[in-house]
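Quick setup: one chain, the form predicted on its own, written in structure tokens, and binding and motion questions come after.
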Amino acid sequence: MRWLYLHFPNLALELGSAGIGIPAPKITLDKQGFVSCASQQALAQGVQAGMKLSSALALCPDLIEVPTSPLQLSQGLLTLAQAGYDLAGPLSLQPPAGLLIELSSMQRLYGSDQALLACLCDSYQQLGHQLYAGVGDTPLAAKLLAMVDMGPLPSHQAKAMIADLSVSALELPQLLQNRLQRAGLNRIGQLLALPRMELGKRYGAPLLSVLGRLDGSLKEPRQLYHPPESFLQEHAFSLDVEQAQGLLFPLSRQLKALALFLEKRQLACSQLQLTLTFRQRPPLTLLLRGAEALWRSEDWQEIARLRLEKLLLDAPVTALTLQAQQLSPKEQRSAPLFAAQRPDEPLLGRLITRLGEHAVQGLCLNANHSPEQAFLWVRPGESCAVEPAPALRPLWLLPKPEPLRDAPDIIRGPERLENGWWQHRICRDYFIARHPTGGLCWIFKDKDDAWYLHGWFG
């Protein structure tokens, strides 16, 4: 059995920087106050991981510290697991920044470890994450190789690489590491070459447990990841966002994750709920609607941009939550081979967002013989359950019938319409006639023999 370990070395920095649009060098700090991650701009100025904050500031005075909460890291790792689940099959979380994947079941699908790793790298790079990878015969061996980003290696080279690693890579208790160093045991290969019984007598069970997990004599406990049935993602900002336009950048990352979630389940959604969290105010909920079910992040991003353009914030936003609603199976359509644009560009969704939900409506046939009740206002794109009648009807119907003064020049008719006895009864004889002005019109005569104009033919 072979294992793939994915390590995201800059996960904290990538998650924390999502709400910071300032192009400045950034770092994250560990619990002891040392630099744990540094951006490329900070690295270019000499800042390194493990450096004290004071030393980093001396090299780079405009350095920005990006705080990241454990909850944010946990949610970020779940997002990564969700993105890789359908590409790699069963996987397990390895907090704080790792994923473990069993490779045997993927061999027939991808043909090689390199092919699977290439798919995963492409997917995570699209989400803006840096990735280290390692492949080993045990989960711990794969993790050790991933920490130095060795990728897939032949088995003998992987074992030689692990044997040459420092004992500190095993993350043993510090007192035990000190004892091993004093005994001259600095490399993992030195430990593997010694008798286990002697090592156990001298250094105790913790060392034997780690070595057993490394060579596979002890099984690694792991909990399989199961993806959620719905999409809900929250992002807490490191710095408060005071302008609505500043929400677009972190929202675009959430929409990309949503698009990936929908694509892998062949789903689409017609409504998104966007919740803005403030420090001393109740949350604000915004609904983003599409005229049809959408699944592409670009389509939702355009609707979100139009919605946020009209939003004035009364207080800084501290967190942003995106939830997908009204999920439905994605409609499969055949696109033209040489078309430059999609034929179903969601123009209606943008119009609804800009003009308001009630300003853009569609028409649907109603099962009623009365001309005034023959159609209904519906949401754009909503289909009709009623088949159109074969009777001849004008395209332009007047809002209200108008009395006629002159005698009509009848061409065709009559057609009697009589219904609605239970509410507003109508009894009319309709005709197609030529109006004195020359146009073809739709007229009727009521039960009192009075004539009315009700519509025009084109």
Partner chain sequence: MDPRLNQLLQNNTVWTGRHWQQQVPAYATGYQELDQHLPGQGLPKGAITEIHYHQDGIGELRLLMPMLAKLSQEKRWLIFIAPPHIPYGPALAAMGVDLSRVLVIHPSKIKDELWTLEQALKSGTCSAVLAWPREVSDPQIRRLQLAAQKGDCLGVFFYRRQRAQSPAALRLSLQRQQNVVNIGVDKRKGGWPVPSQPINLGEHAIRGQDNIVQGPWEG
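Computed from a predicted structure; not experimentally measured. Between two forms, the rigid core is defined as the largest C-alpha subset superposing within 1.5 Å. Numbering follows the first chain given and starts at 1.
This next part talks about the form predicted together with the partner chain, which is not shown.
- Not one of Ala44, Leu78 and Gln125 is positioned with any heavy atom within 4.5 Å of the partner chain in the predicted bound form.
- Segments offered: 64-72, 428-436, 51-59, 34-42. Contacting the partner chain in the predicted bound form at heavy atom distances within 4.5 Å is 428-436.
- Taking the partner from elsewhere, Leu175 is found to have every heavy atom lying beyond 4.5 Å of the partner chain in the predicted bound form.
- Contact check for Leu365: a non-hydrogen atom falls within 4.5 Å of the partner chain in the predicted bound form.
- Heavy atoms of Leu397 reach within 4.5 Å of the partner chain in the predicted bound form, making it an interface residue.
- Under a 4.5 angstroms non-hydrogen atom cutoff, the partner chain in the predicted bound form has Leu306 among its neighbouring residues.
- Glu382 is the sole member of Glu220, Glu382, Glu102, Asp137 with a non-hydrogen atom within 4.5 Å of the partner chain in the predicted bound form.
- The partner is not shown here, but in the predicted bound form the stretch 433-458 reaches within 4.5 angstroms of the partner chain through a heavy atom at Arg434, Thr437, Gly438, Gly439, Leu440, Lys447, Trp456, Phe457, Gly458.
- In the core-superposed comparison between the shown form and the other one, the C-alpha atom of Glu302 has shifted by at least 2 angstroms.
- The rigid-core alignment places the CA of Leu57 less than 2 Å apart between the shown form and the other one.
- Remark: with the core as the superposition reference, the CA shift of Leu43 between the shown form and the other one stays below 2 Å.
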